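One chain is shown next in structure tokens, namely the form predicted on its own.
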């Protein structure tokens, strides 16, 4: 945790948001988005995914985007990879952090990355070995996102014990961070607090614990508050709530970064992100994706009278 903040937030819109958008977001505009959000005090941005361009053309410019982001002072630049091949490409760029994804649900993992969870764990072990042997990647941190941790649109409810077991396997394999993800918006606050309390107690001393929520059924921010009570202080979100999971029909996408900052700052928790400056960055998304709906109640209603954020960026 950085000095002077209580909660760490990570913008994942450039990856999780754009991966489901068919319109190509121009590279120069992606860079403008990253620079503008970093200027608001955003500490970490997941800028792309290292996947085959033929599968997701949105990330054909991944190397260019990482290079530009790495020039921004005080910004932690992260990217996603689904496999070792993507990780090796990412290591060559010098990215600060690489996020790997595996679903707790076997069916979802087969649909998303086309292999079993056992195979995903073994591939992650190879990524750790490759990182440790790669001179340029020696300081690259490795995060693991455990998707469908509370439920799956293919299998339904997911056993919390299954999530705990998989978390343990990745912690043992060398993960620096575990992000517990409600990928399809099945979780409720009671379930969130119960599971994350277990994760923090079991693994919190060895790895960073983060949470990733979708607002599919309107409980995203309520789940954030429940996870705060479980002593989780790292969160993913997307500006304007951009994005969603292709296996969650009618999903509205990720929790809204601007509303998340309002919640946290309103609770007296310092994020280091200037909310008013952040709202202005939404315009970059709007002008490049005019047909994509952006969400967020703070952007619509504005600040309540007398509201003061604890985080202001000069």
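Residue numbers count along the first chain shown, from 1. This structure is a prediction, so every number in the text was calculated from the model and none was measured.
Missing here is the form predicted in complex with a further copy of the same chain; even so, the following discussion is about that form.
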- request: Sort through 139-147, 217-225, 171-179, 124-132 and report the only stretch with a non-hydrogen atom within 4.5 Å of a further copy of the same chain in the predicted complex.
  value: 217-225
message: Would you classify residue 68 as touching a further copy of the same chain in the predicted complex, given a 4.5 Å non-hydrogen atom cut-off?
response: no
message: Test of understanding: in the predicted complex, would residue 293 fall inside 4.5 Å of a further copy of the same chain by heavy atoms?
response: no
field: Contact of residue 195 with a further copy of the same chain in the predicted complex (heavy atom, 4.5 Å)
entry: no
- prompt: Does any heavy atom of residue 106 come within 4.5 Å of a heavy atom of a further copy of the same chain in the predicted complex?
  reply: no
message: By the heavy atom within 4.5 Å rule, which residue out of 94, 189, 160, 204 makes contact with a further copy of the same chain in the predicted complex?
response: 189
query: Who in 288-308 is close to a further copy of the same chain in the predicted complex, meaning a heavy atom within 4.5 Å?
result: 297, 298, 301, 302, 303, 304, 305
